[in-house]
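Only one chain is included here, represented as structure tokens and corresponding to the form predicted on its own.
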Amino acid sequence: MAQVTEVGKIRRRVLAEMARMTYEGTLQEKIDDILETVVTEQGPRYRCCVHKERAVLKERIKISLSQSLDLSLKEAAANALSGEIVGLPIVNVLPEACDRCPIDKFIVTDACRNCVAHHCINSCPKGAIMVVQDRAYIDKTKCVECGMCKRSCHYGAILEISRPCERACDVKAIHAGKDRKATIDETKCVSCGACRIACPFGAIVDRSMVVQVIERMKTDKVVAMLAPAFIGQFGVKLKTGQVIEAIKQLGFAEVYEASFGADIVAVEEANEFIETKDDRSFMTNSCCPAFADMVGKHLSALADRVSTTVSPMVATGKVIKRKDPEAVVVFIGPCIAKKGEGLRNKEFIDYVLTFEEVAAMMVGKRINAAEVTASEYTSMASRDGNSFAKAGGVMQAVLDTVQMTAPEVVVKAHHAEGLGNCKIALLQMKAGKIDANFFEGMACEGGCVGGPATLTDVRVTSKFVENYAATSVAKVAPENEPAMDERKKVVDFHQHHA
């Protein structure tokens, strides 16, 4: 199983309590109780006192309700129950929680020998280093954190301490502000969630719509759409039919697999590749929103290489809405960035929840999926559609589809995982250093199965996905006849930017 930290346990307990109260209809009345049930007088303590712990928790609850930090908890609960979602960023820093990282980026250690050369002093452009008591000393009022002193010290006596959130961010979107608290630059952030995982104090959170979804299920037909990575997430011994039934017991009227849309995407993307291969040196996938955003925000010169095909989430949403325009569509997956993609496609996706949030809903409604009677269930997707969840899966689906529909076309494919690795690979492809004309980029290591809101170890889930994909009746996307029929009925599966 994936390691669950104390930060993760607190996050899940808050979500479960919110879900329980929403199902029971007592959220607005009892929301303040969460402060005392999650943070008790007896501890444990991670900060100075119970009051500080509860101040942090109060902010966490408000973001989990997708409400402003300026509101009281009861006001925030009332707004969430009415369906309101304020325009917060997808990923947020809790001001009360972000105060435990080292303030000083460069520290002189005991390894300093007070040498005669004093390379550190000579290299400092601001005159911020002096010798005090036979040891180099950095005047923080003058230091501009350029790192010249560290690089010049022959003893390696100057230590650089970078914040975990900064170190985790491959797009350099997070940094310490003037008040030394972390600040996220929205013009750079792609909502990949790496900083949320990295922060040891749980000071970085993604907003949630658990309460809003539960309320909609009380009045509307709400349809769940499971990401291909759902296999094994809610219990490694669970049958797929148990997961489907447990999801329905939460209040969802129907359950779709997003891999159904992945088969449509594989065909559309393969066709797009064939039609445009002579116009651009290479094409990339578009289904990973953090990767696509990274290209748009940080490699804009390559933005035209990103496929215009919509993601499996949006493709499946289009199918569901075509069949029932009144249906409320909720995507459930391992990805935080999907919450942003959902907002950009409101016409087809009403809400996005993570596996972690849905697991908390099960706890809140006291559903033990292991005790749920399994229904007969067969995957809605082909082997290749289900394999979208794994790194290399999209690439293989496009390869197989092109091979089946246009065998004379040569596809030279390459893939990378992690935004930093993707960026390097794209620049190398642009420079002609990688001989490939199709590129699959995934923000998370291992692909979607390694997403920030998964519940199971990426290696375990990868194997489960592989086994599940092998049970599919159709092996390649064009063999999935129901998906191909829907492809004909929905006219357009492409994004059209102004």
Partner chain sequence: MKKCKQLTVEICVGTSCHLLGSEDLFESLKRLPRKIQDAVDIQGVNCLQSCGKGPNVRINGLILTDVTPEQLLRVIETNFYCEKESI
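What you see is a predicted model, and the numbers here were worked out from it, not measured in a lab. Residue numbers count along the first chain shown, from 1.
Keep in mind the form predicted together with its partner chain is missing from the figure; the text below concerns it.
Proximity to its partner chain in the predicted bound form (heavy atom, within 4.5 Å), stretch among 449-457, 23-31, 433-441, 60-68: Contact-bearing stretch, as computed: 449-457.
Of P164, G235, P89, G392, the one that lies within 4.5 Å of its partner chain in the predicted bound form (heavy atoms): Here the answer is residue option G235.
Contact residue in the predicted bound form, from A253, I197, V363, C146 (heavy atom within 4.5 Å of its partner chain): The residue in contact is V363.
Contact flag, T109 vs its partner chain in the predicted bound form, heavy atom cut 4.5 Å: Judged by the heavy-atom cut-off of 4.5 Å, T109 is well away from its partner chain in the predicted bound form.
Partner proximity in the predicted bound form: K9 to its partner chain, non-hydrogen atom cutoff 4.5 Å: K9 belongs to the contact set for its partner chain.
Residue contact check: E356 to its partner chain in the predicted bound form, 4.5 Å heavy atom: Residue-level check for E356: yes, a contact with its partner chain.
4.5 Å heavy atom contact, E186 and its partner chain in the predicted bound form: No - in the predicted bound form, heavy atoms of E186 and its partner chain never come within 4.5 Å of each other.
Residues of 239-265 having any heavy atom within 4.5 Å of its partner chain in the predicted bound form, listed in sequence order: Heavy-atom contacts to its partner chain in the predicted bound form: nothing from 239-265.
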